[in-house]
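One chain comes next, on its own, written as structure tokens: the form predicted on its own.
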């Protein structure tokens, strides 16, 4: 039986989640954002272990964090064909988007034991779903689902990704974004790219058989259309 998974990877602010969600809707598949699960564990750790030592994430005890995720529990729940994160039975989709979580999630996600726990939960969620699933993240096609029939690696120039991120945050009314703000965000994303590509655990890279899609000059609708077309070739019927 063919594994019905589309793996969409790419650097920060490359539009992975927006594209994956739209592709899933077009195909009638489910959507799983792997970053949401990392954020949910981070929220659980901040609320139950505390802020102290959270700066690097690695100062938290891996054993304690994984045990906490099991006990609360932190889990994925399928709601209207979207896997949503829950902590202790509470939907935390909004809470995990806070700056507090954003500042800590990278450190926690660098812990090998945490990554292993998340990967297992993702595989369980996808394999337990009877239909297809579009999964996005940074190591889906290389680590989590290396046997996915369709792998897509989305990217765009750091400046374009910075522009999109600032626009999404509501900055730059009428299309005008402060040049200095854009420069700082571009530099931050380029630094994040370097860190993600050189990290010891699951470095960011395209799978050898991934379709690379540069979206710098593409609209969201265009990039979604291209992925959907690829999906219909790989998953006929």
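Note that this is a predicted model, so its numbers are computed, not measured. Positions refer to the first chain, counted from 1.
We do not show the form predicted together with 2'-deoxycytidine-5'-monophosphate, though everything after this point is about it.
- 2'-deoxycytidine-5'-monophosphate is not drawn, but in the predicted bound form it has no heavy atom within 4.5 Å of residue 151.
- In the predicted bound form, 2'-deoxycytidine-5'-monophosphate lies within 4.5 Å of some heavy atom of residue 39.
- Among residues of the shown chain, residue 161 is not one whose heavy atoms approach 2'-deoxycytidine-5'-monophosphate to within 4.5 Å in the predicted bound form.
- In the predicted bound form, residue 74 stays away from 2'-deoxycytidine-5'-monophosphate, with no heavy atom inside 4.5 Å.
- 109 is the sole member of 126, 87, 109, 156 with a non-hydrogen atom lying within 4.5 angstroms of 2'-deoxycytidine-5'-monophosphate in the predicted bound form.
- Checking 126 to 134, 74 to 82, 87 to 95, 100 to 108 against 2'-deoxycytidine-5'-monophosphate in the predicted bound form, the stretch whose residues place heavy atoms within 4.5 Å of it is 100 to 108.
- Taking 2'-deoxycytidine-5'-monophosphate as it sits in the predicted bound form, the stretch 125 to 141 comes within 4.5 angstroms of it through a non-hydrogen atom at 137, 138, 139, 140.
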